[in-house]
Structure formats: structure tokens, C-alpha cells
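Take a look at this one chain, the form predicted on its own, written out in C-alpha cells.
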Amino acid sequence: MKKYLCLICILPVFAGNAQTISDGLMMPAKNLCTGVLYTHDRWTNYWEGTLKRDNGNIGTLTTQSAMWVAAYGITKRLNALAALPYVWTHASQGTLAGQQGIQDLTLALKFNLLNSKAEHHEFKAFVVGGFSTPLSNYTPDFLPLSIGTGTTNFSGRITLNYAFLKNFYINFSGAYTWRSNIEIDRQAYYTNGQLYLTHEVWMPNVFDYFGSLGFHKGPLQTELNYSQQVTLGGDDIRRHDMPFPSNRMNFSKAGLLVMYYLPWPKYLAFRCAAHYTVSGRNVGQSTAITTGLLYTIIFKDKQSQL
């Protein structure tokens, strides 16, 4: 069973997030799962506040990323997680040029707080502490073509997982993220109905939650999931204007996940996921596809090798 855990522990950063910091499994001690995930995300329509519309100056916006991810079992109850994406954007119409570059490094610790087993049931609880910060000097004040918002983030997460009927599970996870202020390349800006004579922008904090219903047996995992992000402050995009980093960016997404450990080579896993934005505010109605390969490395004690 242990060799299949890596597959379930890795999810795309949404926030981020490298190991599904929102999943219900742990990497075994001294096991490292690492790999690269590719994501293709595109939208034509978006919400300007609550008004759904398109934009002829942008056409279809495409965002792609190649993300290195890793999860390591420090102990059987404590995991370390990391992720680093390279992101590039492109608009199909207009004169605005896309951006590209290394985005934000994400680091997290995940602790198995509670594990209660019965004959055909198991309940687990986890706490996760996360940190992320930009690793390149990209421009956050060029949305929607920016590759990120430029904030340094600290997050706290609680995850509850219930497994039943041997191979089925229900998962729920919620997190609060504290975001730093950012600096932009202009000395004044207008937002929240007010002119600010400064280059520093206050960024609202974020709450998100994630729920899933899945099936896991041997090398195969399938899952239906739903996620929502709520920005705790900020205003809407002004009519016919570009988005601003501190806008209220809310969304609800429905997703499907399929992961499978290949019969050869040993410890190599294939992952595929799709997400669709069902509703939103100041975000694009995007369809995202993620695929990637993950490999597990098992480090053995010197004594076990004698």
C-alpha cells in the first residue's frame, strides 16, 4: 500500500498547494515523491464584478505552467511539501504582451493530528502550515496577464478525512491565508472608490475550502471535487478597466481527478485532473487541464541495508 501514497499526496498549487495539502493521506517516513505537473488554463468570458462578459482586447487568455512538486515523509505523521512553478501567459487578441517567469515558491508542513480506525472505517484529521513568496521580480500590476499577485503568504489549514467501505472516502479541508501588501510600479492608483497616492497596495486575506468524494484501490484513484475561494475584502473591476491586484477574486470550481501508478517502471505515477469554474467574481470562467508524472524514491536506513 505504501508505494501508492505519493500519487494521492500531490496536487497543483492553488493556491496553491503542492501536496494536496487538502488530502487525507501522508507520505511514509523517508519516502520522497517528486515530479513535474503541466497545467493548461484558458478562458474567454470573465466576471467584471458580477457581470459576465468577454473582452475583445484580450480574446482568449491562456495561462500555462510547468510546476516542480515534492513531498517528503519526515516521520509517519509529519510531511514536508514544496512546489515551484514556471508560468507563462498569452492573449489571443489585442496588443498586450504575455508575461513569463518563475512564480512563487511554496513550502508547507503537514501533521497527522488524529487517526482513528475501526474495522471498515477510518477517520483522520490534519493540520497544515504553509508559506509562499515570489522568487522572481514579476509584475503583479498587469492582470490578467500577470503570472501572480506578488504577495508573501502564510496559511493555516485543517483537513478532515473519512474512509468507508474499504475503498471510498470523503474529504473536507478549509484554510485561511494571510497575504502581505505589495508594491507596484506607479506612485498612485484608484481603487475602492478612492485615489491612493502611494505605490503600496493593501491586499485582502483569503479563505478557501475544498471537498471531495473519491475511490482509491491499489494503484488507482478517482475523485470528484469542489473548491471555493472567498477574498475577504477588495472591490470589483471597474467597468471596461483592467483588473487590479487587490480586487475581490472569488470563484467556485468543480473538478475530476484520475491518478494511476504505472506497472513499469516501478514507483512512477501518472496524474490527470480537470477543473471548470462554475461561478466567480472578477475572475475568468476557465477550464484547466493538468497532467504530469511523479516518481517515488524510498530512502532506507543504513542498518536496514546491512
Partner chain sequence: MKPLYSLFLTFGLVVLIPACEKEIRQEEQFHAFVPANIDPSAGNWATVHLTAPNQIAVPPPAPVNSDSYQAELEAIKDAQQKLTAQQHEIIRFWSGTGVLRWNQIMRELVAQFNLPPAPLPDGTYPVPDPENPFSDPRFPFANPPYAARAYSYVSTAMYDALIATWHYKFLYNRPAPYEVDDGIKAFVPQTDLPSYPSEEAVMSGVATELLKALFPAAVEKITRWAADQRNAALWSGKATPSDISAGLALGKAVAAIFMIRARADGMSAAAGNKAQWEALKLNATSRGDVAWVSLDIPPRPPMLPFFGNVLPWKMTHDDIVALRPPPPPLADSEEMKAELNEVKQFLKNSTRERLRIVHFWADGAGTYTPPGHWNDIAAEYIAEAQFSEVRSARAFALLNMALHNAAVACWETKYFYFNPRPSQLDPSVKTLTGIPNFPSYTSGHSTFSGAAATILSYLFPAHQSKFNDMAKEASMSRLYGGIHYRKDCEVGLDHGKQIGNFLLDNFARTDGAD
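Predicted model, so just to flag it, every value in this text is computed and none were measured. Residue numbers count along the first chain shown, from 1.
Omitted from view is the form predicted together with the partner chain, to which the following refers.
- Taken together, the three residues 222, 265 and 271 lack any non-hydrogen atom within 4.5 angstroms of the partner chain in the predicted complex.
- Contact annotation: the partner chain lies within 4.5 Å of heavy atoms from the stretch 238-246 in the predicted complex, the single such stretch among 254-262, 35-43, 271-279, 238-246.
- Checking 135, 165, 170, 195 for any heavy atom within 4.5 Å of the partner chain in the predicted complex turns up a single hit: 195.
- Between the partner chain and the residues 142, 72, 209, 123, the one pair within 4.5 Å by heavy atoms in the predicted complex involves 142.
- Taking non-hydrogen atoms only, residue 234 never approaches the partner chain to within 4.5 angstroms in the predicted complex.
- The partner chain is not drawn, but in the predicted complex it has a heavy atom within 4.5 Å of residue 179.
- By the criterion of a heavy atom within 4.5 Å, residue 83 is excluded from the residues contacting the partner chain in the predicted complex.
- Although the partner is absent here, residue 157 lies within 4.5 Å of the partner chain in the predicted complex, judged by heavy atoms.
- Contact annotation for 262-292: no residue has a non-hydrogen atom within 4.5 angstroms of the partner chain in the predicted complex.
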